[in-house]
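So this first bit is one chain, no partners, the form predicted on its own, shown in C-alpha cells.
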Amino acid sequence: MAKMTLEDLRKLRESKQDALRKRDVEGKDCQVIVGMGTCGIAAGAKVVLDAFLSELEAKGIENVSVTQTGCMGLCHVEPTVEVIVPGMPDVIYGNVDAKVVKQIVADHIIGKKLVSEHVFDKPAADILKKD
C-alpha cells in the first residue's frame, strides 16, 4: 500500500466532512430516515440511502438531511423510508429502490405530492393538521 501524502489526507478529510454534512440535521427542515435494521439492509437499504444522497446532490437540494434508524416494523415491505417535509404528513414509504428514490425526491420533496403507490404508513386523516 502506497503512503498517503499530506495533500491526500486533506482531500480525504474534506470528502468525509462533505459526506457528514449531508447527514447532519441541524439547519435543515426536511428529513429522510432510512430503516437500516438487518431486514432493511438485507433488502437493499444501503443502496437506497446512497441513492438519496446522490439524487439530492444531483438536484442541488441542501435542506434535506438523510439519516438512518433501526427497523421500522414493516419488514415485509423493506427497504422502508420515513420522509418528513413541513406542511405534509409524515409518511413511511415501503418497497423503495433507486427508481422510487427519484420519485420521492421529485414528487414528495420538490413537488409536495405523496408517492401513493409506496405509502405504507401515515397519520389518519382525522389527526392530520389542517391549516
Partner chain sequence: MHRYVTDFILDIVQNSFEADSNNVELVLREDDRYLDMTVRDDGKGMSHQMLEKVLDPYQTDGIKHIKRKVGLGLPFLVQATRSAGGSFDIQSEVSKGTVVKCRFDLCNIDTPPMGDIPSTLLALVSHPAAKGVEIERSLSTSKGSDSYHLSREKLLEVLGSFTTVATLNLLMEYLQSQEEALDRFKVDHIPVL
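Residue numbers count along the first chain shown, from 1. Take the two forms, superpose them, and find the largest set of C-alpha atoms that agree within 1.5 Å; that set is the rigid core. Just so you know, these numbers come straight off a predicted model, no measurement behind them.
As for the form predicted in complex with its partner chain, it is not shown, yet the points below apply to it.
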Using the partner position in the predicted bound form, report whether residue 50 sits within 4.5 Å of its partner chain, counting heavy atoms only.
-> yes
In the predicted bound form, does residue 9 have a heavy atom within 4.5 Å of its partner chain?
-> yes
Hey, in the predicted bound form, is residue 46 touching its partner chain, heavy atoms inside 4.5 Å?
-> yes
May I ask you to check whether residue 113 falls inside a 4.5 Å heavy atom distance of its partner chain in the predicted bound form?
-> no
Interface check vs its partner chain in the predicted bound form: of 77, 41, 84, 92, the one with a heavy atom inside 4.5 Å is 41
Using a 4.5 Å cut-off on heavy atoms, what residues in 69-106 are near its partner chain in the predicted bound form?
-> 71, 73, 75
Taking the rigid core as the frame, does residue 11 move its C-alpha by 2 Å or more between the shown form and the other one?
-> yes
Might you say whether the CA atoms of residue 65 and residue 10 end up closer or farther apart in the predicted bound form than in this form? Their distance differs by 3 Å or more.
-> closer
